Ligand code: RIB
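Form predicted alone, single chain, as structure tokens, below.
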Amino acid sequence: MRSEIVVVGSLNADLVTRLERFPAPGETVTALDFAVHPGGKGANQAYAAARLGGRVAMLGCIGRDAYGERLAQSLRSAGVDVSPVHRDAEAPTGLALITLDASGENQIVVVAGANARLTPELVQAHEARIAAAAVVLLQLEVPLGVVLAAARIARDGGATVILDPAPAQPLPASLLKCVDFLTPNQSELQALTGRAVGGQAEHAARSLANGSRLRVIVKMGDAGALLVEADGQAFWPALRVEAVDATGAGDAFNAALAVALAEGRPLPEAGRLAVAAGALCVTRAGAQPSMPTRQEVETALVR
């Protein structure tokens, strides 16, 4: 039985500043503190999946610098196989500049760095491993050609493909045909469909699925998550928690979904596990430091 989760995506150093409130345009505010955390949507998902008990490999690109080694070591510490991670001699490791307000909401600016040096050729070099995976996790912080190459290999090999469409951008039909689960949040869903979502998330998600095998899971923050598929829909309500930092919550969700599916669990159970992991993530600061363990998630589900 297939069991490995392969993550193809970004690795970033997260430079995090906390504020009482976000500044208005042209305004200067004083930060409460500053910290550096390992991050990047790809690395976050790999780290979270390993913390949840998954067997995980990471394929991405870092620079030959201190930030890059710190990111690789963080993944190793969680049990992620980082042997497919490429060290680029010409580009620095990617960065994410993150500001948090007192409510835990975030604003993020990403500097691609070495993530932009990941190529379809580097993906092809790991074709056998991607094709043999149970689940392949993808995001959009690396070049779109890389995402498409990985998705095609995964589809042809029979792996389940989960795509987090963030940062949101137009997605070619050739990519969507390779995806089993598309997991936008509400703002990404609006960007992908070109229509205001508001209370109409189901209709927007169904327009993306468009009668195909694609399943759309809309991550709705503290409300929960909505699954829309060709023959119906389901809603998984969120756990009630006190939010500290929303960074990484979507990554925790996708990681938990991947782990559950790789274990062969039914989709309703996978969805509940994913919602719980996302909720627990926001109760702690940082992306990877906030990722819950499997025991924490399962305990939260039985409360």
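Please read these numbers as outputs of a predicted model, since none were measured by experiment. All residue numbers refer to positions in the sequence shown, first residue = 1.
One more form of this protein exists, namely the form predicted together with this ligand; it is left out here, but the text below deals with it.
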query	finding
Proximity of A96 to this ligand in the predicted complex, heavy atoms at 4.5 Å	yes
4.5 Å heavy atom contact, V110 to this ligand in the predicted complex	yes
4.5 Å heavy atom contact, G248 and this ligand in the predicted complex	yes
4.5 Å heavy atom contact, G40 to this ligand in the predicted complex	yes
Among 24-32, 265-273, 248-256, 230-238, the region lying within 4.5 Å of this ligand in the predicted complex by heavy atom distance	248-256
Heavy atom within 4.5 Å of this ligand in the predicted complex - qualifying residues of 123-150	E141
